[in-house]
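Only one chain is given next, in structure tokens, and it is the form predicted alone.
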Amino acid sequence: MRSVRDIPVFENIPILVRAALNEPLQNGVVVDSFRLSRAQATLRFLAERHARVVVASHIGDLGTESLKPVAEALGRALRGVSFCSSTIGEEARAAIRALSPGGILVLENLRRNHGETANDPVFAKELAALADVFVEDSFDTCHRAHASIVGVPTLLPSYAGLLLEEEIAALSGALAPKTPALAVIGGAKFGTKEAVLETLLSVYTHVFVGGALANDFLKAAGQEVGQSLVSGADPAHIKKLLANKKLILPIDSLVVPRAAMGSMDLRGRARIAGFREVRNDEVILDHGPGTEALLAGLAKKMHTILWNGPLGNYENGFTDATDGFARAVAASGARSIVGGGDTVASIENLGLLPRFSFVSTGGGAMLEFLAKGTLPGIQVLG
């Protein structure tokens, strides 16, 4: 895999960079600049070498949002940033022709064209026609078979950006951790986590399963999970993992009555339930203090900690276990590798980001890389 450092000529060359600019917006304003800040190293590297830098990215899942506010935020961090309201076509080509060496042009949201997510070869060809060189720097989407991820690199000389290189190095290192090592996997959807759990159980000293994902395991272990979210996964697959002595489950939960869901005072209706104490009309929304103490105690003893996914119903304000573990990891002195949107949000909100060794821009991409050791958008770079 060739690095952006290996590009033979930079001066006045149009270089298309697939960047990670998928930031949350509120009233048309960027409210979190984590990915935006991580994207800057490659863009600055190319601009300082007087390339004409063309940035392609997406924002949101529906293709309805615009990257213009993100381009404006990027322009406050880097010089020479402009925005084009088209992604392909004559308007985009004209804007690139007008771009000065060292200038940075952000194209409109890739997902405004259905050819992006469909990996349409015609759309990929039109994107590739905008530049002479392609740089992949969007690790967070490298697990997607989209036109800008796997189509364009087959049509142009292609290189890995600085952020992509950093992600690969850090996560490859996480697959050979200094022990004792703890992996914590939260979130939901057992089907998307099974492969990574199998991999982590083979190399980590302990693997803790948390969040809604733990409900599948607790149910398979014989605990009542009431009306809690479960994935409906094959119990045989779960029981196979449960048989591994490295696997750790929550020992208590924060639960509320199902009838209280949607209540303005949901937290006020919560109670702590130990193993086998959840009632059949209750919903598990977070881990309890016993589980928090268990994880904090483990964190103190580890040389390496890997973490992806929240430990509670984070979007509804059940953040105690997630925030508690973030503080424990920050205080542990272990090498810490973390990823996932809500996980990173917790760390940022607590002001702890600098105390983590590596924070990935990927959620699903991080898990898939850990499971497989590569991703489609990396493989296509050769």
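Start at 1 and count along the sequence shown; that's the residue number. Basically, rigid core = biggest C-alpha set you can superpose within 1.5 Å across the two forms. The shown structure was predicted, so the numbers you read here are calculated from the model rather than taken from an experiment.
Not on display, but discussed next: the form predicted in complex with adenosine-5'-diphosphate (ADP).
Here the chain stands by itself, but in the predicted complex one stretch of 105-113, 143-151, 128-136, 303-311, 303-311, has heavy atoms within 4.5 Å of adenosine-5'-diphosphate (ADP).
Taking the partner from elsewhere, Gly187 is found to have a heavy atom lying within 4.5 Å of adenosine-5'-diphosphate (ADP) in the predicted complex. In the predicted complex, adenosine-5'-diphosphate (ADP) stays beyond 4.5 Å of every heavy atom belonging to Ser57. Using a 4.5 angstroms threshold between heavy atoms, Leu229 counts as touching adenosine-5'-diphosphate (ADP) in the predicted complex. In the predicted complex, Glu167 stays away from adenosine-5'-diphosphate (ADP), with no heavy atom inside 4.5 Å. For the three marked residues, Lys193, Ala212 and Gly340, a heavy atom of each sits within 4.5 Å of adenosine-5'-diphosphate (ADP) in the predicted complex. Only one of Leu295, Ile238, Leu285, Val225 lies close to adenosine-5'-diphosphate (ADP) in the predicted complex, with a heavy atom inside 4.5 Å, and it is Leu285. The rigid-core alignment places the CA of Asn316 2 Å or more apart between the shown form and the other one.
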